[in-house]
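As a starting point, one isolated chain is supplied in structure tokens, in the form predicted on its own.
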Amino acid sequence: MVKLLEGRTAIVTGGGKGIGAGISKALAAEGANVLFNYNSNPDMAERTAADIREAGGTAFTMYVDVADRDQVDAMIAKTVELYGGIDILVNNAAWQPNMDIDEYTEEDYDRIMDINLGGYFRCMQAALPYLKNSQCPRIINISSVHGIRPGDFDVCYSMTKGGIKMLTREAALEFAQYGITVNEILPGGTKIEFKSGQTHPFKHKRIERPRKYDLSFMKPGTPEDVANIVIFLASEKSHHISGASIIVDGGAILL
């Protein structure tokens, strides 16, 4: 069977755990050479890389803080050194502290903006010269449904996810001249190993009311659910899609 991404090269930021790990594994399973970074959990990143290799795929992982321009440049350079170019960039690395407005310090605010939005911007800038040389260049930004719907758990996290939407749309326009498509995926609740910040219950009481429809199909997704859309957007089959936002939440946002 011919693999959709055979011989192509992908970078996945934050690709060692959670949704990122699911994306890294799926890309490798479809034949892509995958390089992904980690920031805080090298053990999980190495486990993900080992899983890919055991399945016959190609993976390399390295420590990179996407808030640091020099480290981003080093990640790009390493990818080109190993595989000769870049065809797919998946921006996924994010910090989610789950803090209220009055809990944020200036340092916290700068950090979340620098990782969740600035990291995407830096990686796109650094990868652009190599994506221009690809025969099938793709940028896929992992956002969140909380970029379009308040989450009641972290205003700054939602702000960064809203920013990703306009970054995606602006880049889709600007990069169209190079044949680069730029799209975003908005996952809803997803089962992963653990969240990156504190957890607390919703503070505003939700109004319960009788439901007209059977909503049993609405349940948390998996990293594989998101990865399936990444594979499609990374493939040649998606050539006519750019600047799009695809919600992957089992329909939960309809409520």
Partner chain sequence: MGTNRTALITDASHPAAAAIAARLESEGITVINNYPRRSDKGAIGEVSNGYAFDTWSLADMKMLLDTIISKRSGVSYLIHTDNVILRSKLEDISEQDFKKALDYNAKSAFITTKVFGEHMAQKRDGAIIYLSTLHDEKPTGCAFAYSTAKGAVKMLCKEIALFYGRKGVRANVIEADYMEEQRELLDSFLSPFNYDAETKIPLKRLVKAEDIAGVVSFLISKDAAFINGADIRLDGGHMLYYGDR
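What you see is a predicted model; the values in this text were computed from it and never measured. Numbering follows the first chain given and starts at 1.
The form predicted together with the partner chain exists for this protein as well; it is not shown, and the discussion that follows is about that form.
Every residue of Y38, R47 and I140 near the partner chain in the predicted bound form, heavy atom within 4.5 Å: The answer is no: none of the three residues contacts the partner (heavy atom, 4.5 Å cut-off).
Note which of Q96, S134, Q71, S158 lies within 4.5 Å of the partner chain in the predicted bound form, where distance is taken over heavy atoms; exactly one does. Checked against the cut-off, the match is S158.
Hey, in the predicted bound form, is F175 touching the partner chain, heavy atoms inside 4.5 Å? F175: yes, in contact with the partner chain in the predicted bound form.
In the predicted bound form, does Y130 come within 4.5 Å of the partner chain, counting heavy atoms only? Heavy-atom contact with the partner chain at 4.5 Å: absent for Y130.
Indicate whether the partner chain has at least one heavy atom within 4.5 Å of a heavy atom of F121 in the predicted bound form. Yes, contact at 4.5 Å.
Taking the partner chain as it sits in the predicted bound form, is L117 near enough to touch it, meaning that at least one heavy atom pair lies within 4.5 angstroms? Judged by the heavy-atom cut-off of 4.5 Å, L117 is in contact with the partner chain in the predicted bound form.
Contacts with the partner chain in the predicted bound form, stretch 156 to 172 (heavy atom within 4.5 Å): The stretch 156 to 172, when checked against the partner chain in the predicted bound form, contributes C156, S158, M159, G162, G163, K165, M166, L167, R169, E170, A171 at the 4.5 Å heavy-atom cut-off.
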